[in-house]
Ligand code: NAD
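Only one chain comes next, encoded as structure tokens, the form predicted on its own.
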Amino acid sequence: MEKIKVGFIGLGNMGGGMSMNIAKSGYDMVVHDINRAAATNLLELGAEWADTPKELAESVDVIFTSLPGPTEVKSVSTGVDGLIEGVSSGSIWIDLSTSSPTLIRELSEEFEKQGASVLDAPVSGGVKGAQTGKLAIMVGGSESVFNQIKSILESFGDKVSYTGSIGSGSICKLMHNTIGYGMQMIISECLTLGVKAGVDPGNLFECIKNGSVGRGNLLNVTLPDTYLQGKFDPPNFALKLARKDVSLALELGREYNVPMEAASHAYNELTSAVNRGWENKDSRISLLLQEERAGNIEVRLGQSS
């Protein structure tokens, strides 16, 4: 494509920032939202307005959507006056929404019948990241199509990753978010116990941030060096010692009447691993138990499951 014309649908908190960064990068734009007022800044920069997704699709080469979820994605794409009615051979639709991998795979098949390509490219980084162009973008679909539009993605994201076939971007985003919300649970347990046991909240939080957890060692060092390689000997930190630490925390929780549901689950996993005879292996060996429950799925760097 020589002069790419970009369409953008969904100009809310996330879409507003992303679309503005695309416009500021010099792309000609056509925009649409259920609230026309949300497009004011873009229209002032020279963007055109489309009354429907169909009308927008008819006038652009590349379409972005940033929508609340699967219901809206389906409505905008295949509903009345939807994108599918306006796309033509060579059109590219990139859905930035956090949505259903199954749905985007189904929609991709429908759009392919029209000669159009579909990518799923959910983002992470929040409203501030959308405004400043500091977003992680996880892109699934045809790699050649991804390479065609990568420069547009880089206009509003500083960490753009190709994840594989259609739907894989959405899977990565859902796994990312679920990890975050799970971490919030155990963090809240430990913060409430620590404060109830007598530690100042600021001091407690500072120690957590300054330690291995706060420095991000688990994702950046420990898991890549142990679990993701299937290497548990010699131990980085022995399973029996990890179980001892969590046991002491649970003992403290009982002393101060603080429920520790997530921590109790961690302790049970560590105990089950000890019962396998793994007490002198690296503590991350306990993660093999979940691999078994998932149907003997191996998660290893450089290997496919």
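Each residue number is its position in the shown sequence, starting from 1. Worth saying up front: this structure is predicted, and the values here are computed from it rather than measured.
The same protein has a further form, the form predicted in complex with ligand NAD, not shown here; the description that follows concerns it.
- When contacts are judged by a 4.5 Å heavy atom cut-off, I34 counts as touching ligand NAD in the predicted complex.
- Residue contact check for N296: none of its heavy atoms lie within 4.5 Å of ligand NAD in the predicted complex.
- Contact annotation: I104 falls outside 4.5 Å of ligand NAD in the predicted complex, judged by heavy atom distances.
- Although the partner is absent here, D81 sits far enough away that none of its heavy atoms falls within 4.5 Å of ligand NAD in the predicted complex.
- Among G230, G133, G164, G126, the residue placing a heavy atom within 4.5 Å of ligand NAD in the predicted complex is G126.
- Shown here without its partner, the chain carries S66, V76 and S97, all of which come within 4.5 Å of ligand NAD in the predicted complex through at least one heavy atom.
- In short, of 205-213, 164-172, 231-239, 67-75 it is 67-75 that has heavy atoms within 4.5 Å of ligand NAD in the predicted complex.
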